[in-house]
Structures are given as structure tokens and as C-alpha cells.
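Just one chain follows, in the form predicted on its own, and it is written as C-alpha cells.
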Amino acid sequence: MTTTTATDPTATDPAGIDLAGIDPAVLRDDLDAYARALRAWLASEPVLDQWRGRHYPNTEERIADHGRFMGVLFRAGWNRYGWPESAGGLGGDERHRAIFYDALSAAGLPIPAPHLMLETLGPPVVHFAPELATAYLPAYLRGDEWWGQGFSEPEAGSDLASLRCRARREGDTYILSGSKLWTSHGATSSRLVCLVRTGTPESRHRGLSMIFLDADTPGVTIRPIALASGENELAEVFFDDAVVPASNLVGAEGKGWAVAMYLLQWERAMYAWICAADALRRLRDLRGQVATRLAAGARLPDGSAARLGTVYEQIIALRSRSAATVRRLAAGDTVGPEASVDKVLLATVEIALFDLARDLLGTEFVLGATDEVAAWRNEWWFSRSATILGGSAEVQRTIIADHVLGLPKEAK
């Protein structure tokens, strides 16, 4: 079987879809044309079947296999739209990426796990450090590597202004000392994007900088954190005088807070869109499993149909809100504190969906040994963190009350 790309105007892809008449500029400039061509390819390409309904024994095997999936998508060109050509993309904007994630989910395919961090870390690196994006983002899009996000610390989670992990400037390098906790994809990533302190502790957010480094840099130690499910989704990272080139700064020294605030737009918006698309796929999966159980004579708890409808409504509400945010990003607008609404809606969906799976699957959810049930259990465990990871629900609601709704402060 020959592999072709959507950028080759003379090619015919392995599924037999003639790409000869499709100019990449058309797919870049016409969202409908991109969506139609992508959906046709996903529905007809047989090599993709290996990723439908696939389960993995651990995080490491899952993310590595998803990297291989990204390689297939990259060679066909589809996950390159929405990223600048200078960074390995084919042009377009955030709407291309939203369509891409939606189409994968609708086709019964997983959204590759590395894309979650790609959407969070890719845009700020492209914007504030284009030379780093040119050097490293193509390999990320190919699935050859992915990055971890090092923000939280043992005594600094929601209050990032109190970070202590230090980067000391020495000539053309920074010397990193300290630690990070709950580093997303830290256990498997090739590189890390970390928020570190280059100023004094008293400087708070004004003394922070963002830096990009190889995970195997001497002086860097990574210890996976096993979640309740046993999965190594996160890690703690220790820096023992690790030397990093000063050219690896993302943005200017002391301007890391501005980079982090820029990053949050995508963490709130594109991340939420990915999760909503995946939630729709999982809801369809759950409905199919429930139908099978009913056909076998099982009984469901009273009100199950209504709960299925409620979760669907919650997902659609999240998608509606997230779609508006994605369109704003594509238009070049700055999305401020109102993005916290997306985060609250996302947490609501994740808790409700996996609680529903727990209740509808009944004792099978607890005692079942199939890969499908094990996946539901693992996802349920991870969903318990939905109101904490990336900013607690309480903090998000306070931001909405103070900065979006302008509600009066509580009397002291």
C-alpha cells in the first residue's frame, strides 16, 4: 500500500479517493471542502480500522500508538491544517482543527492523546517562540514526539504567581532548580514547557518566565504519578541544576505570565472542544453497550433515558459555548476570563457522563473484566479530577462572578 498526502495534487489515496483535483489551498481556504474531504477519507481508509475500539494496558502504550496514528494523519495531511506552514502545517486556522477533532469522533476514532497538549502548548510556542515552533512542532504533528506542561508545584497549584521553581541566568544559559508536580504527559513526553521563576519571590507573576527544554536534559528527573486507575497520565519533575539554553525561552524573560494567560485561551477553548467531541463518541459507545444489555434482558435504573438525554444536552451546551470561543480565536480575538465558562461546562460534562456510565453498567462497571468496561472505570477515575485540574471549579466560578458578571463582592 502506498502512502499519499493531501498536499500532493497528483496523488490518489489508499482508499481510492481521487485527490488530484484538490488543491491544498482550497482545503485551507474552504472549510466546507476540508470537512467533506476529511470525512470521506476517514470513512474509506481501511488502515484506520486498527484504532477503532482499541484498548491499551497502560498509558505508555496508548500514547505511543496514538503517536503512530498521528503519523498516518500527518502523512495524509489532515492534522496539518490549522497550523502555520513555518511550523510544519498547511495553513488555515483553529476552525480547521475543530473540524478535524469533530470528524475523528464522528468516525468512531479516538482523538490522539498528544493533541490535548498540542492544543495547549502549540499556540503559545508558535506565537512567542516561532523559531522553536519551526524546529520542533513538525515532529509533534508527526507523532514522533510530544510535550509535557510543567506549571503546578507542590505548594503552587491554582496560585501560579507563587511558583518557586527557579531559573538562574548564567551567560547564554539558564540553570533550573526546583520541582514541578502534576505535569501533564510528563511521564512520556520528549520535551517540557515549564513556567519558572526568574525574578524574586516577591515579584510574584512579574518574575515568571516560560522555558522549553528536552526531557532528557542532564539534571532532570521524571517520576510518573500513578493515578487511582493505575495510569501514568501525570508526573513530578525535579530539576537539579539542569542547564537550558537561553534561546529556549518562550517569550521574554519576566513575561511568562503573559505567555501563560495567552496559553489559557487554548487550554479552555480547544481543549474543551476536543473533550466535547470525545464525549459525544463515548456517549454513543455507552448507548450501544446499554442496548446490548437490554437485548440480553438486563434492566436499567428508573430515569435512565432522561439521564442520557440530560448528558447529551450538557455536551451540546458545551459545544455551543466552545464553538463560539473557537471562532473568536480564529478571528484573532483575545479570549479573557469568560473562557472560565468553558472550563466549568467541561467539568460538568465529564462528571455527568462517567457517573452515568457507572450507573447504567451497574455491577458490570465494578466487576466486569472486559477491555470496554475497564476503559469506563479508568475514565471514571480520571473524571474525578475534572473540577480540579487546570484550575478548580471554585476558582473558575469566582473568576466568572468577579470578572465576567461583575457581581458585588461578599461583605467582610
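Heads up: residue numbers just count along the shown sequence, starting at 1. None of the values given here were measured: they were computed from a predicted structure.
The same protein has a further form, the form predicted in complex with a small molecule, not shown here; the description that follows concerns it.
Listed residues G150, G77, P124, G92 were compared with the small molecule in the predicted complex; G150 is the one with a heavy atom within 4.5 Å. Between the options L234, A242, A113, L213, the residue in contact with the small molecule in the predicted complex by a heavy atom within 4.5 angstroms is L234. Stretch-level contact check against the small molecule in the predicted complex with heavy atoms at 4.5 Å: of 24-32, 55-63, 378-386, 352-360, the positive one is 378-386. Though the partner is left out of this view, V395 does reach within 4.5 Å of the small molecule in the predicted complex, counting heavy atoms only. For the chain shown alone, L181 is a contact residue for the small molecule in the predicted complex, at least one non-hydrogen atom being within 4.5 angstroms. By the criterion of a heavy atom within 4.5 Å, M117 is counted among the residues contacting the small molecule in the predicted complex.
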